[in-house]
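In the block that follows, a single chain appears as structure tokens, in the form predicted on its own.
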Amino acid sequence: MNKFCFVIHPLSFEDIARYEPGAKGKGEPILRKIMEWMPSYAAVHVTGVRTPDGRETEGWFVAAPLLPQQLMDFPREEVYARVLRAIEIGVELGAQVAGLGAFTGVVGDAGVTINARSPIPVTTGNSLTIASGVESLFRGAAEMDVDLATSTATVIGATGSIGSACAALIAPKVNELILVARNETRLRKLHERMAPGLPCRSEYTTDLDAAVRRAQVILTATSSTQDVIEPEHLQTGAVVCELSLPHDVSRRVAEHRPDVLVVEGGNMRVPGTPRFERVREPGSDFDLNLPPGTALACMSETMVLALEGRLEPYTLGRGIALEKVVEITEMAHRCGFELADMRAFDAAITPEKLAATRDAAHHRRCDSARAVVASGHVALTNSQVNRSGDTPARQPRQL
């Protein structure tokens, strides 16, 4: 049986309590200092992952306990050392392939240097994340009765490895594609490289708000630690798939836009009877902040490589070959991994919730149409009154 390890880290100050329950209630300054000196450690023992044909794998989630902003701000060599120590702990436990979770797969050169220094092959898991994200976006569009063939799609974070690959996979299904990123030079070069081969109209912009307002379907894959999409940006009935952790979509969307469907795109249902047991508290389960039997797609890619005996550096760097996205999707399906049920803002999207979202979009469209008709009627009435002479239009003042 091949074994794996996967490097994890808390995504926010609130998230630290999932790792260390004793941290709950402590202030941010002390938590930040604790994260600075806390060494990597084995946090979760993963068992029960079994394919339909009986193959099994076992693994460990090893914590490199730094917050996203710390991973981005600390000296790169210090971050590399933390991540490599986490992988070494996995190796000591028997792991033969390693995955990089969340910001550990973003920092520096997206896993290339870490893989070169690691005692075992490394993957970022981004290939399966891309596949699950695009599939989730298309599923959400179907549920909201969005006609992709006539739609405009916006990809936010397009210059990243995930965003650019997602854009290429979305383009054949839509009428227009808008690429969005912060660095205009990199964005322009990406568009110049992609545009000749795209089967739809395309453009690029750094104006995120304008690009979101024009789109019926939106995929976001940024490395931002702040909210990116706000409720006032979105069209009625829009579908947003987010692949980012921390989340890119403001929670205000859930409160103020019941007519918009937001889905988390990177969740997979794990085959078998998976258990995620806390290493330091045997017998208690680690809260992945996901439904039972579900894991992130990047975690799932690492498990798939172990199950398939593909002990190799699979997804690394800023450019991801679409052939690998197709291949890992086929391997995942062969192993019994499936797209998880729809979910957003850390809660399940039930059939009732989905129906309510469709209804809210329908009613909002009807209200908008009535408002347009009413305003047109008022304008027409005023014009007729002026022409009738009953209420003459005001004449310019004569001097």
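Quick caveat, the model's predicted, so the values are computed rather than measured. So that there is no doubt, residue numbering starts at 1 and follows the sequence shown.
Keep in mind that the form predicted in complex with a small molecule is not shown, yet the notes after this line are about it.
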The single option of Ile120, Leu245, Val146, Leu169 touching the small molecule in the predicted bound form, heavy atom within 4.5 Å: Leu245
Single option in Leu234, Ala221, Ala141, Leu179 placed near the small molecule in the predicted bound form, where near means a heavy atom within 4.5 Å: Ala221
The small molecule in the predicted bound form: contacting segment from 112-120, 304-312, 161-169, 91-99, heavy atom within 4.5 Å: 161-169
Heavy atom distance at most 4.5 Å to the small molecule in the predicted bound form, all of Phe103, Arg186 and Arg318: yes
Contact flag, Ile156 vs the small molecule in the predicted bound form, heavy atom cut 4.5 Å: yes
Contact of Leu296 with the small molecule in the predicted bound form (heavy atom, 4.5 Å): yes
Exercise: Leu208 in contact with the small molecule in the predicted bound form, heavy atom 4.5 Å: yes
Contact label in the predicted bound form: Leu198 to the small molecule, heavy atom within 4.5 Å: no
